Structure formats: structure tokens, C-alpha cells
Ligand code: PLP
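We begin with a single chain expressed as C-alpha cells, specifically the form predicted alone.
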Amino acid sequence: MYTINEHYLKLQGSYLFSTIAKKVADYQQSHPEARIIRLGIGDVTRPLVPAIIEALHKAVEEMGTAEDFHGYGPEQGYAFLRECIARHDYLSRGCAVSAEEIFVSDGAKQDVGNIQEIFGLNNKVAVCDPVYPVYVDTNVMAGRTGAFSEKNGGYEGLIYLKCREENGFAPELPEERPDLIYLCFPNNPTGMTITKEDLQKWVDYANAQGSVILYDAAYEAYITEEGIPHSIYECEGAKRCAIEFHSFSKNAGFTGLRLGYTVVPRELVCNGVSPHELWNRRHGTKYNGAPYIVQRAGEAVYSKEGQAQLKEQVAYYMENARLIREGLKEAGFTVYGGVNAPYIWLKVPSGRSSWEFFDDLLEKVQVVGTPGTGFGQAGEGYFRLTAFGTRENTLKALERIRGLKAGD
């Protein structure tokens, strides 16, 4: 008889957003007349900007001729895109990241989930709490954790870095030494950030302890304040201890196209072994590269026209964030985030759990958000809303939520 990977049986129910989708579908089926507004999942709503559409059309035309047809490309990504990324996202900020250290993929989520494969199963893993579920779930699947503990609200063996209101939802350096440290700034789900000075402390800690930081920078395009790092490689010594993940989904609306990249520096070395070489080997073995057409669209993101158009698009979502943040504050909610990130992290009204508040919003005002407890034990009592809706739906949702608050 065959066996299965029993570590999957440790997972708590279904994936968070699958649970939300089922709840919404069940409600819609029983209330077909309901006009539900979805501000839960971080999916974009604005169309692709003209510069990207033009690049897609041109690349499609190329694929229709024998002279310009492209089949399998380099697994690491085409040089034209990797060089654009290196120049714009790193060299322009004083970060010495080369094109050869950049691996293009079909999204940051898969890279964040797969990167743990190149590390030993005995490594101790630290995650923030609340946290993007993929960081936790993929390590559970791999067998780095024990069972889920209802009493402790987490998986045995994981090091949870509690991010609480009293510390500005920023993690503190752990007492127990971790081997792998997941950090995400601007943060999902709280929308909060840390300064370059505070991020430097994490880099110094990782170098001193022999740890690796797995740094998710998917939302860096939404940073509006000075002094907030866009990349961990702005910190001295980060290339010796950090791997960084980027996504085109949020900064360029590629949730339907799928494109991202990961930086694995050559300076990062473990007992004489290069994670860069290991990731390159894994990439070549398990992946045939992002589509040529999509990579040409990614190149257009860095064009003069693309940058101008995407700046307007990001500003549109950040205006949504401002409207939600200020509107909820005026209604009496305690609200965080929404300044350097497209997420608003609000405190649930007293007497309700995160899931109870989710049910209230869905059933009473037909607005969908994400319960904070879905991101970890420390998320209980909080709720995430996204700014990725249309302006019309954002204003309608805000009006409905304010009405619910007033009714309470």
C-alpha cells in the first residue's frame, strides 16, 4: 500500500482564502440578490496599463513569425528582464545586485513557498505572528514543525515573533536562535513597516547568528514615507544573509499574468555551499521559465511610459487606502496600516472575534474582508481590508461598514 506525506495532515483546515471563498459562495447561493463587495483577498481591479498592453501585443506578434518565435527560454529568466530589474530595483538604490543573482518566476508566492526546499529539515524557522500563511504552511508540509497546538495557537517547533499593537506590530529579535527568518515589509497583513535602522538590526543579528533572512518585498512599490527601505540589500551586510522576493502582481497588476523574481546573492554561503547554486539547480530541474510574452510585459514595467502609468495606478490604490483608513477612524475604529501598504489593519469592535466580525460584515452589510486570526494567533481581534477594490466599491464598502458601526 502506498503512503502519503503525513505532514499535510498537520495543516489546519483549508487555506485561509479558500475558506473565505467558500463562506462567500455559500452566502451568495442563499442570498442571490446580495451585492457583495470583496475587500478580502489582495487581488487588483485596475486594468493593465497601456505600456504593458502594447508590449504584450508586440510579443504575441513576434510569436507568430518563424524569425521571432520563442520556445523554451532560460530557466532563470531572459537577460533583457533581469538586467532591467537589476538596474531599476537595485543599482539605482545603491544595492550591488547583479542580473545573474536574479531568478525570474511566475510569481513570488511560489518562490516563497519553494525556497525552503534548499534548506535542511532540521533548520529552526521563525515567522512573524500575524503572518502570511504560505510561510508557515509550506514548512509544515515539509516536516519542519510538529503538530498544531490549540493551546498555544501555533505549530510546535516554529518560533513565533509576536507582532502586537504595543510594539507597533513590529517583530522583536528572538530569544531562541532561528536558522531561517521570514520577514515581510511593508507587512502583509498589518500594512506596517520598519525603518532602515531597525532592519539593519535584523541583518546584523542574522550575520552574527549564522541565520538566513527570507525577505518578502512584494509591496515595496507602495512605500510613501522617507526612511523606509525598499530592499533589504540597502542594509550593510545583507547580501551575506538574505534572500529577497519580489512580485509584479501588486505593483503592476500582474495577478492574472503571473510574474515575480527572487534574488539569491552569491555572497550567501553556508559551510562552503552556495544557496545561489542550489536554487539555480532547483530552478533548472523543476521549472521551464516564465513565458516570453509575460517577460516582455515585465520589461515594459521599467520603461519610462510604464513607470509613469504605474505610478498613477499605485496612487489610485493608495487613495483607496487613505479613504478607508480615515473613514474608519472617523467612525470610531482603531486602524493601522494604509500609509506604506495597500492593507488596512483594523481592531475588531469589543466583544467579537475576528471570524464573528467577518460574519457580521458579510451577513449584515455584504462586505468581505479577512479575519486577523487567519494570519495567526496574534491576529485575533483584528481584521484586514485591502485597498485593491474599485473606487466606487471602496466608497460603498466604507459607507456600509460605518453604518454597521453606528448601528452597534
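The first residue of the sequence shown is number 1, and the count goes up from there. Note that the structure is a prediction, hence the values are computed from the model and not measured.
One more form of this protein, predicted together with this ligand, exists but is not displayed; see below.
- Within this chain, Ser247 lines the site of this ligand in the predicted complex, having a heavy atom no more than 4.5 Å away.
- Taking the partner from elsewhere, Arg266 is found to have every heavy atom lying beyond 4.5 Å of this ligand in the predicted complex.
- Though the partner is left out of this view, Leu259 does reach within 4.5 Å of this ligand in the predicted complex, counting heavy atoms only.
- Mapping the unseen interface onto this chain, Gly107 counts among the residues with a heavy atom inside 4.5 Å of this ligand in the predicted complex.
- No residue of the trio Ala126, Trp202 and Tyr205 has any heavy atom within 4.5 Å of this ligand in the predicted complex.
- Residues within 4.5 angstroms of this ligand in the predicted complex, judged by any non-hydrogen atom, belong to 216-224 and to none of the other stretches in 140-148, 216-224, 162-170, 232-240.
- The partner is absent here; in the predicted complex, the one residue of Tyr135, Trp279, Tyr317, Tyr155 having a heavy atom within 4.5 Å of this ligand is Tyr135.
- Note on the partner interface in the predicted complex: the residue among Gln295, Gln116, Asn188, Gln76 having a heavy atom within 4.5 angstroms of this ligand is Asn188.
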